[in-house]
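Let's start with one chain on its own, the form predicted alone, as structure tokens.
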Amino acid sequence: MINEVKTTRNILKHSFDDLIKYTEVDVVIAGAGPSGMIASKYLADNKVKTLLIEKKLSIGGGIWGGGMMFPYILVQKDRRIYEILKDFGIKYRSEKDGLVISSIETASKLCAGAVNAGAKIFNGIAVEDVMIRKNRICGVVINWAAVEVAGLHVDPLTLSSKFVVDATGHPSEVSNVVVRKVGRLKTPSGKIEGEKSMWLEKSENLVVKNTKEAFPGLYVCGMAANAVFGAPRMGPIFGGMFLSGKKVADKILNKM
């Protein structure tokens, strides 16, 4: 017979089982936007123990809002993008200028694809620091996002990993932590170069080019990659984001 206490016990039991199981993983991805979710699926497809951490309650990053809250986004007509859409079961409408896809369907199916592949998602949790040993990132320091919002002084916990991916979008939060704590990234200035004004033609290619290792053990993808390496921002076009997520997964798989 179900009652309130039994319900609470079951929720706590499975939550703590997951937390304990995922204290040591192969890859931690910070940020459950499109590039982070795509990377997590392809990593998990290859039996890589993957944990996706999202500070908000909802996943999807900037997808949900489409273009100025109109629920559609655009991706390019590119063989690699067709393959990603097929892998996630995302429907599209072909127009002269690209493929139009539903922002709501896309966010939902990216999440389902990642989870079905075996990736684990923790939401409502923020990455506030990183673990560094011998000049290499080897884990993340986490706390409840609500603690951060409330400004409470609560000591965090740690999770170890072989690789960390900064997929936190415009703020590039993990990379900023590394700059503050270590002082130098693999960028021209050693700092966060900062994103430039919107320029779709350039940014869509540069987000893929900039998807790479920013510090030993730390990779950047999606808008975080352009923010860290100083490229223009994108608008409601997501082909580069999709390819960035696939690329960072491939790079980590090659390293492993």
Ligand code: 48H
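All residue numbers refer to positions in the sequence shown, first residue = 1. Everything numeric in this text was worked out from a predicted model, so none of it was measured.
One more form of this protein exists, namely the form predicted together with the ligand; it is left out here, but the text below deals with it.
Only one of 113, 169, 139, 98 comes within 4.5 Å of the ligand in the predicted bound form through a heavy atom, and that residue is 169. Comment: the ligand is not present in this chain, but in the predicted bound form one of 227, 53, 214, 208 has a heavy atom within 4.5 Å of it, namely 53.
Shown alone, this chain has one stretch from 125-133, 180-188, 81-89, 153-161 that lies within 4.5 Å of the ligand in the predicted bound form by heavy atoms: 125-133.
Shown alone here, residue 223 lies within 4.5 Å of the ligand in the predicted bound form, counting heavy atoms only. Within this chain, residue 237 lines the site of the ligand in the predicted bound form, having a heavy atom no more than 4.5 Å away. Taking non-hydrogen atoms only, residue 44 never approaches the ligand to within 4.5 angstroms in the predicted bound form. Although the partner is absent here, residue 35 lies within 4.5 Å of the ligand in the predicted bound form, judged by heavy atoms. Contact residues in stretch 4-23 (any heavy atom within 4.5 Å of the ligand, taken in the predicted bound form) are absent; none meets the cut-off.
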